[in-house]
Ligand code: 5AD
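A single chain, nothing else alongside it, follows as structure tokens in the form predicted alone.
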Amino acid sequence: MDKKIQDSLKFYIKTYGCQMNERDSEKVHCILEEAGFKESSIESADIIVINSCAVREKAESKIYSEIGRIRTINKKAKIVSMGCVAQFNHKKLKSVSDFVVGTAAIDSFYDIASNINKKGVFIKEKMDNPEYIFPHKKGISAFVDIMYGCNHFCTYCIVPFTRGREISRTKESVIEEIKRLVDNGTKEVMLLGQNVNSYGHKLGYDFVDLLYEINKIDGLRRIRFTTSHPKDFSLKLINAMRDLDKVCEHIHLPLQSASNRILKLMKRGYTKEEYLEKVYQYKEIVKDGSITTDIIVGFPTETEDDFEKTMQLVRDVEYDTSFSFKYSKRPLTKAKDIEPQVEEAVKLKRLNKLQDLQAEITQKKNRLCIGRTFEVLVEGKAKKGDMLFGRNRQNTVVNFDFKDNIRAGDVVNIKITKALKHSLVGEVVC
């Protein structure tokens, strides 16, 4: 393609789903910019990329409705469907998209950028080169894939079918990527994996070994990671979170259910008692540590007693925040065939009850922060008012008054003066 023509082309990316999808969209953004494309609005874009999520039925359906919406407001744009839905349902998406790109074929955007007037389907079972370091946007915080795929096959989850089997990147590749980020101004990294605790098992070292190596990188201020599977969450990792100064005091530890019967049906690999033992170990060892979780309500055969066990555990643990969802049938998974399925009205009632409880706990915990001082990594201007915002080491958003001498990337001490529903407000402590 002629370089002058290519330089005039514009792109727009819409992302649904998890941090892995966000990182994949960032890769595409950078590939297109490097090829001379400019980011634009959906109305003026020449190529529109929709990155899809397949974790729940509602999330999957969004890609089809979004394509329909795009066709009504921008008839000239080439449409690229990518992500988890593209990986397992590429035949259907091919009929409504110009390009279809699976989760293991992000590198195909180098070809698409040079040939947007063509059409194509790019689906691979596994990545050609997991060690390849994709480009990043410049920023204070960055996502870094340390592994791809999942081997757990929980009975409700489609991810092993859309992301493939576990592949860990070498520590050399991960370290090199983070060093490049730090040289470009990044202060914090979020290490990504479907189950980071499984990292490196076939490489002769584990996730904790990797954390110790990353902690040595000069110029890096903070390390976060997600997600930890409770079955593999270890005392070794808890101790590392205590001992490594750059590793933040926050763990995301999905529960899904507190009923042992449901956990077994889910094929989670742990009991409620084993989960709680690890939670209380973490709380005892990692002082001031926060904990968040994922919960599914209305899994097939879930009774009121099963649900109440989950409610009670939430009361006992007092998560800082939780992400809760109604169970949704997913193709290829075993849970879709378990009977009886829970009625939608019952699922919604339980979800609302759980979310109301969590909202009370989160507000209570936020109020307990008033008067305390936290170390906050400044990320930039807040969405509302003349304020800056950042996150404390516990991963809570903190807003504070703008000051001329404070810049994004600075670490400042903020005394909390007000607790909001999902964030904190404070003032700079000199």
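Just count from 1 along the sequence shown to find any residue number. Fair warning: this is a prediction, and the values are worked out from it, not measured in the lab.
FYI, the form predicted together with the ligand isn't displayed, but the following is about it.
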Legend entry - the ligand in the predicted complex: contacted by all of R23, K27 and K137, heavy atom 4.5 Å: no
Inset, instruction - Could you check which residue among S328, T226, S97, S322 gets a heavy atom within 4.5 Å of the ligand in the predicted complex? - result: S328
Inset, instruction - Could you check which residue among V80, I296, C84, L210 gets a heavy atom within 4.5 Å of the ligand in the predicted complex? - result: I296
Legend entry - Interface stretch in the predicted complex with the ligand - options 33 to 41, 400 to 408, 357 to 365, 54 to 62, non-hydrogen atom within 4.5 Å: 54 to 62
Inset, instruction - Consider Q256 of the chain shown here, and say whether it contacts the ligand in the predicted complex, taking contact as heavy atoms within 4.5 Å. - result: yes
Inset, instruction - Give a yes/no on whether V247 approaches the ligand to within 4.5 Å in the predicted complex, heavy atoms considered. - result: no
Inset, instruction - Indicate whether Y156 is a 4.5 Å heavy atom neighbour of the ligand in the predicted complex. - result: yes
